[in-house]
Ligand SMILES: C[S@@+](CC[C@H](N)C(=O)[O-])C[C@H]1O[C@@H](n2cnc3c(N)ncnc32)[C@H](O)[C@@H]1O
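Quick setup: one chain, the form predicted alone, written in structure tokens, and binding and motion questions come after.
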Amino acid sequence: MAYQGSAKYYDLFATDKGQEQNFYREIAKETGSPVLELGVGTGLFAFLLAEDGIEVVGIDSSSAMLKEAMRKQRHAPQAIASRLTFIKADMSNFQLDQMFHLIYVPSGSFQYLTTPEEQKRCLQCVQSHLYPQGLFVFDVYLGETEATGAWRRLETKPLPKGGTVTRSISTQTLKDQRAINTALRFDVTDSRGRVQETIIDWSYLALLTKEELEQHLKVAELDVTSLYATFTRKPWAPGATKAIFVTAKPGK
């Protein structure tokens, strides 16, 4: 999974998620506590929900990402920190002694589940942890991306103590496996421009279609209530490169 060695730089580059963050904040306010985030990472979304008074449990399989989340929790105001719980767990196989009004998977992280079996197990776990009429929300990228395997420089950010870190990406589509191999490279330089460290994190993402996801959701007994193309809630239409599913567990 991405951001293992580079977890400490995740938040530094996560500056384009404003619309997505607002989207989940709005939904969490509608459903209320408690909320479960799958693939919580460094808590980029969870902390904002906690600021809004929402109790959030976040799970992730990456010890490095959870370490960053817990470090931030220790330095957060007590009122916010007390609403957050971070647990190491696999989102395709988790068992918590708690039910939730909202479960969500942000930033396309559902695609880290690379086989139909993993995807179905995740949805089964979600179903068993949702209150009746509770919501499950996630987004996926549809279709293929630029995937030549060549490195592309994305952006450079200054570091608090001087120097910079440059993030680059390499992607390669594996059509026979219906997946994308992705590598993220972080080149860290000092104030004189000398490279001090290079970190490369690899990830393997599933290529998914709207139709197969709808079938998985149907089997898991999660009803699609809304389908968006953007986090500003633009309705999904053929040709959209993103699908944001809002689903609900049937009520009793």
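Sequential numbering from 1, following the sequence displayed. Everything quoted here is computed from the prediction, not taken from an experiment.
From this point on, the text means the form predicted in complex with the named molecule, which you will not see here.
Comparing 56 to 64, 218 to 226, 27 to 35, 187 to 195 against the named molecule in the predicted complex, the single stretch with non-hydrogen atoms within 4.5 angstroms of it is 56 to 64. Taken together, the three residues V126, F138 and T209 lack any non-hydrogen atom within 4.5 angstroms of the named molecule in the predicted complex.
Heavy atoms of R233 never reach within 4.5 Å of the named molecule in the predicted complex, leaving it off the interface. A residue is said to contact a partner when one of its heavy atoms sits within 4.5 Å of a partner heavy atom; E155 fails this definition for the named molecule in the predicted complex, lying far away. Taking the partner from elsewhere, K17 is found to have a heavy atom lying within 4.5 Å of the named molecule in the predicted complex. In the predicted complex, at least one heavy atom of L113 sits within 4.5 Å of a heavy atom of the named molecule. Although the named molecule is not shown here, in the predicted complex the stretch 218 to 232 places no heavy atom of any residue within 4.5 Å of it.
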